[in-house]
Each structure stands twice: as C-alpha cells, then as structure tokens.
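In what follows, one protein chain appears twice in different forms, each by itself as structure tokens: structure 1 and structure 2.
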Structure 1
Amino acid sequence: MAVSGLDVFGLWIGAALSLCIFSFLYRDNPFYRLAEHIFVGVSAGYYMCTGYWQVLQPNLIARLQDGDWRYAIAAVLGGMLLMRLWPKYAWVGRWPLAFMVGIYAGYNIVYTMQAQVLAQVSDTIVSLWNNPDWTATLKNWIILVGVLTSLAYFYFSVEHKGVIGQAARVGVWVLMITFGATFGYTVMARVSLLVGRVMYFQDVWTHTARWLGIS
C-alpha cells in the first residue's frame, strides 16, 4: 500500500497530539491544555458539520425544497432554541426544549416498557425443571433467584429485616459479582484502547519508514 506524505504528516500530528494528552499522567501542563483545547474545538466543529450534512440537509432543507412545509415547524422550533443566546429572549428556547423533553418522555414510557421491562421480565420467567441438562436448570435458578434477590435489595418501601433482609443480603452478593465482572470488562476495554494507542505509535514509525523507502 502506497503511503503519501500527507498520510505520514497526519500520523505524526496524531502521535504528537496523543503524546500531549498522555503528558497529563505527569501533571497538568501547557502541552496537555493545548491538546485539550484543540480537541474541544475540533469536536464541536465535527459534530456541527456532521449534524448539518447528515440530519439538517436531508431531513429539513431537502424536504422544504421538495415543498413539505410541515418541516417548517421544526425549522421554527430549531430557530427558537437559538434564542437562548440572548438572555432577554432565552425563555423562547423553552418551547423547543419542552417539545424534545415531551417526545423523549412519551417515547420512554412506551418503548422502555416494551423493550426493557417486559422483555427482561419475560426472559426471567424460565423453566426451573425439565431442562435438557442440569446446567441449564442451575443457570435458570441462578438467574431467577439472582433477579428477585437483587430487586429485593432495591426495594426500599419496607425495612430490610427478616425474609426481605436475607434476600437483600443475597442480592448484594449477586450485585457485587455483577460489579466485579463489569469492572473487569471496563479495565480490559481501557487497556485494549491503550494497546491500540501503542500500536498507533508503531504504525507512525513503519509508515514513515515506508514513505522514506527504508523498509
């Protein structure tokens, strides 16, 4: 694969900026702050541009050009949101905000109920005997007891005493196993990202060497 000078320049820029970010491990310093401010600026610009080309252009501008004037409502609401930049008229920005909050709340009530609550409850109603093998039976018991005891821990309407208290205690153990597994996976994901960064630095050298024709 041919490597251009612009590619190599880009890799060096990326490597330099990555090193600036890593310099924070020593302590806060001008290199880190420089990289941090570049990151914020580029991120804001990136999301604004992709938002325009992927959402506003096809969903708003193209539709208005096609004569679908219903979308003028969205344009007006979007414009009203920008009124928050002027403190005197900031209250106008509440209307689009209220619209977004309302949509999100309505969406959550029906879709969360269907996709999360009902689906999770349905998956927890499992066969506790007559399974093809004993591992499936044991696993189903673990899931059922684990879910019920963990929910008992989150149930604060009664005091955690007696049967509820015992169930909540078992629930804490199940939750600790969950947190341990989640923590383990998180550590592995972050270390994997770090490995990716180290390999990126290696790529900088190999691509530079290839561009210079010494490998």
Structure 2
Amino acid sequence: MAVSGLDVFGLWIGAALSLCIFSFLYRDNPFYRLAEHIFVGVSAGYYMCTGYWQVLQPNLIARLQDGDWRYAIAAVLGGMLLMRLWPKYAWVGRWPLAFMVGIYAGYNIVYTMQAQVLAQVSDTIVSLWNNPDWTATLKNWIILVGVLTSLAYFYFSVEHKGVIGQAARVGVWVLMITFGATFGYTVMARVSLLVGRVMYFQDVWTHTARWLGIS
C-alpha cells in the first residue's frame, strides 16, 4: 500500500506529541504542557462538534423543524443554562440545573438498584451443594464467605470481638485481595496503552522507511 508524505507527516506529529507527554516522566516542562494544551483544545473542539451534530441537531433542531414544539421547552431550559456565563444572571441557570439533577438522580436510583444492588445480591444466591463440579461448589463457598466477612468488617453496630472480630479480620483480607486485583487490572490496562504507543512508533518508522523507499 502506497504511503503519502502527508500520512508520514501526521505520524511524526503524533510521535512528537507522544514524546512530549512521556517527557513528564523526567519532570514538568514546556513540551509536556504544550502537548497537554493541544490535547485539551482538540478534545474540546471535537466533543463540541460531535455534541452538536449527534445530540443537538437530531434531538432538538430537527424536532423543532418537524413542527414538534414540545421540544421548545428543552430549548428554553438549555438557553437558561447559558445564563451562567453572566454572573449577574447566573441564578437563572439554577432552575434547569436542578431539573437535570432531579431527573438524573431519579433515573439512576432505579438503574443502580437493578444493575448493581439487585444484580449483586442475586449473584450471591448460589448453590452450595449438589453441584456437578466440585470446583463450582468451592467457588460458591468462597463467594459466600467473602461476602459475609466483608459485610462483617463494615458492621459497626457491635464491637469487633469474638466471632464478629474474626470474620472482620477475614473480611480485611478479602478486601485487600479485591483492591489488589483491581489495581493489577488497572496497571495491565495502562501497560496495554503503553504497548499500543510503542507499536505506534514502530508504525512510524515502518511507514517512513516505506515512503523513503528504504524497504
């Protein structure tokens, strides 16, 4: 596949900005701040454009053009939010903001209960006996013990002594294992990003050499 000079130039710009970001590993410097400002500016411009064409245009402007004037209420509320740009009239923006927060909170209460609380409770209701595979039985017992001991650690109505205290100490180990696994997963995700950036540098050299006719 032919590689144009414009493609190579774009790849080198990306490589230079990546090196500017990596320079923060040494210390804060103007190159890092330049790349940071470029990233923030480009991201803001990109999301503003996508927000207009993918959200505002089809969901508001197109509906108003079709004659559905119910969406004029949303337009008015959106205009009231813009009043926060002027400190003298910033209080006007509190009304649509309160409306948005109330709707969002009411929706997420139901969503959180269904997707997290009830789902997690149902996942802990497992069969402890008569499983076809002994590994499934062991896994279910680990889930049961982990849940009960973790709850015992956060049960502060009684002093952590005796059985409650021993269960709470086991719960600490369960929590530490959970936090360690979560941290390891996060590190692996960041390592995969680093690997992707290193492979990007490889693509830069490969496409540059192909453009120069070296290989």
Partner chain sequence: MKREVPLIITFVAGAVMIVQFYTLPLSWLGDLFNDFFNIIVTCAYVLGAASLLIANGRKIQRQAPGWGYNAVLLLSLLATLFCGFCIFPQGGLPTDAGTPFDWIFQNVYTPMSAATYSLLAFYIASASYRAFRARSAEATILLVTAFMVMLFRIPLGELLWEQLPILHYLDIGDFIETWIIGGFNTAGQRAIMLGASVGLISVSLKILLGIERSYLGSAD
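Sequence positions of structure 1, starting at 1, serve as the residue numbers. We call the rigid core the largest set of C-alpha positions that still match within 1.5 Å between the two forms. Owing to the predicted nature of the structure, the values given are computational and were not obtained by experimental measurement.
In this pair, the copy labelled structure 2 belongs to the form predicted alone. Once both forms are fitted on their core, the CA shift for T50 between structure 1 and structure 2 remains under 2 Å. Once the cores line up, the CA of M176 ends up less than 2 angstroms apart between structure 1 and structure 2.
Once you line up the core between structure 1 and structure 2, the Cα of G162 ends up 2 Å or more from where it was.
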